[in-house]
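Okay, here we've got a single chain as C-alpha cells, the form predicted alone, with questions on binding and movement later.
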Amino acid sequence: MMELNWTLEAGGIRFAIVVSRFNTFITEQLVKGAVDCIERHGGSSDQITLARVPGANELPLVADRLAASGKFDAVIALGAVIRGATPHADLINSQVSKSLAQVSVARGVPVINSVICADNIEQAIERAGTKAGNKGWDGAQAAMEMATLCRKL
C-alpha cells in the first residue's frame, strides 16, 4: 500500500488569503493567526497575497478568481458571521460554505473555509484566538496540508 503523506511546512507554498472586512475586529485576528501559522512553519510574507472583501458573501467570488489565476497553491477564506435576530446568518453561512467548496473542486485548488459561524460575539471571540484556538491558524494548517497533498497526487 502506498500512503500519500503530508507535512506541515509552508516553504514553497503560495498562499492567497481572502478576508471579509465585516466584523473586522474578529477577522483581523484570523488574519494574524493565519500569517503567524505560515511563518512559524517556514513560510514568509512574500508567499502570501491578501485580498479584502466587504463581507462573507463576497468571499467565494474572489476565492474563485484567486484560484483560477494559477498563482496560488491554496486559498484561505476568512470571515465571521454572527447570528442575529433573523435567519440571515444561516443563509449566508450555507451559501458561502457551498460556494467555497464548489470553487475548490472546480479549480482544483484547495480553498479552505475558515469562516467563523457563531451564535454570538463571545463564540466568535473564542474562535479568533482565545479558548477555542484561532480558526485563521487552523485554516493555514489545512492549506499547508492540502497544498502538499495535492502536489503529490
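The model shown is predicted, which means the values in this text are computed figures rather than measured ones. Counting begins at 1, following the sequence as shown.
Although it is not shown, the form predicted in complex with a small molecule is what the next lines describe.
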item	value
Partner contact for Ala80 in the model of the complex: the small molecule, 4.5 angstroms, heavy atom	yes
is_contact(Val62, the small molecule) in the model of the complex, heavy atom dist at most 4.5 Å	no
Glu58: touches the small molecule in the model of the complex, heavy atom cutoff 4.5 angstroms	yes
Close approach of Asn134 to the small molecule in the model of the complex, 4.5 Å, heavy atom	no
One residue of Cys37, Ile26, Leu100, Ile92 in contact with the small molecule, assessed in the model of the complex (non-hydrogen atom, 4.5 angstroms)	Ile92
Stretch from 64-72, 81-89, 119-127, 102-110 whose residues place a heavy atom within 4.5 Å of the small molecule in the model of the complex	81-89
